[in-house]
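In the form predicted alone, a lone chain appears below as structure tokens.
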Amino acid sequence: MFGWEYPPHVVGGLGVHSAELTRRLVSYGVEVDFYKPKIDGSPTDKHIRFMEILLGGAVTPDSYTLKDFNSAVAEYNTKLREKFDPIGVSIIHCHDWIAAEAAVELSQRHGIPLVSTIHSTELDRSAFFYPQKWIMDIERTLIHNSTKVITVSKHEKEMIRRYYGRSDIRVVYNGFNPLPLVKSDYSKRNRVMFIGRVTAQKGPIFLVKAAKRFCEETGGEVVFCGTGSSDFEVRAEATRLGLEGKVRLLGYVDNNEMGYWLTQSDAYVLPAVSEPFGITVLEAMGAGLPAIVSKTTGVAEELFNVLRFDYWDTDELADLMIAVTQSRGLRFTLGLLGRVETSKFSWSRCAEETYAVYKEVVAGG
């Protein structure tokens, strides 16, 4: 398995996926050698064998903190080609584009079938705003040279069909780990919250625009839990709209603080431009918090007890936010039924369906 992040180095859902998937694959008798660069410390898990690649100038020598992403990716692929041990390997499984160049070359060199899981494309990550063509070219090469391609939603499957030209895609949904709390008090809080990376892909600017009318009509506030490249844009737009003190960016919060905001809010909002899955949606719903999500959020295609909107329609989003904060019955119903509905998503199911792909690949030679 070729990855990039794994706890303690976690940037997003990919690191969580890698850990939870491999922990369950071993129960099927799968032996995993997990190749990754040494960044932000080493994993402590013992269920698989880690093949850590030491990088040079792209990381600091003492803490292995990442300094230069593009240089790190290039060096990782070069050293991966050198250090890969093909003996006894029946499948190469590559996660996303970062190790794709090495994965494709090694698969062809050694005649080992290649499985790729596409968690997100450059189009998703850029929110369709100046996607980097060189990354899209790497993604296209990976997709068309893989024996089997897995993606995390039908939404992402359609993205690959439309923009990368491959349609025989297997959809395997992510699981999630429920937070150790459940919302039980649905008293009105006049607060909605956002959880996750504050980047253009997640659409935070649309939430700020919708917050104008929401705050004016309810006296409420919008809280952002997370940080990212759009922090400045969000703050600037909030200031322009006169929402100082009403739009709060808390930065990174740990699970304990996250639990507080989940129980003290009326709804979770994700206005993503293109979200392949959306684990945070399940975490919020699993804690009993009503969810308002864009129609371009992958996990929403399998959920009934959510409120959906077009990410660009800030008037519709404001209407939904106001409706949830004004109706205790709506909050209670969405919270209760949504929590029950999240039980269909599990890492065990994800591993079972991934293992089924492996068996098909091995059976096909």
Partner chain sequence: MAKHFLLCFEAHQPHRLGRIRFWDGEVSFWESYNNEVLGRVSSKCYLKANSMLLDEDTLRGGFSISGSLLEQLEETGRTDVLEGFSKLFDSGRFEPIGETYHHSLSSLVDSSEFLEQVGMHRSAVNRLFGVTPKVFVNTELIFSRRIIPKISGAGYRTVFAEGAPTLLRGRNPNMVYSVSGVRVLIRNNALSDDIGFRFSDKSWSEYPLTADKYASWVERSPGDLVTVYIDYETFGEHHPVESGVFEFARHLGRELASRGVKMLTPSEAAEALGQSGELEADEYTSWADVEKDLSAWLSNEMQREAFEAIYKLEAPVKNTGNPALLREWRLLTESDHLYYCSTKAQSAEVHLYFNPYKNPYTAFINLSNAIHIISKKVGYSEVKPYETQ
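Positions refer to the first chain, counted from 1. Keep in mind it's a predicted model, so treat the numbers as computed, not measured.
Note that the form predicted together with the partner chain isn't included here; everything after this is about it.
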{"property": "Heavy atom contact within 4.5 Å of the partner chain in the predicted bound form, the stretch among 61 to 69, 309 to 317, 45 to 53, 29 to 37", "result": "309 to 317"}
{"property": "Heavy atom distance at most 4.5 Å to the partner chain in the predicted bound form, all of G12, V16 and E122", "result": "no"}
{"property": "Position in contact with the partner chain when the complex is considered in the predicted bound form, options E105, E217, E233, E158, heavy atoms within 4.5 Å", "result": "E217"}
{"property": "Residue contact check: R191 to the partner chain in the predicted bound form, 4.5 Å heavy atom", "result": "no"}
{"property": "In the predicted bound form, R213 touching the partner chain (heavy atom, 4.5 Å)", "result": "yes"}
{"property": "Touches the partner chain in the predicted bound form: S187 (any heavy atom, 4.5 Å)", "result": "yes"}
{"property": "Partner proximity in the predicted bound form: T325 to the partner chain, non-hydrogen atom cutoff 4.5 Å", "result": "yes"}
{"property": "Contacts with the partner chain in the predicted bound form, stretch 327 to 345 (heavy atom within 4.5 Å)", "result": "S327, R328, G329, L330, R331, F332, T333, L334, L337"}
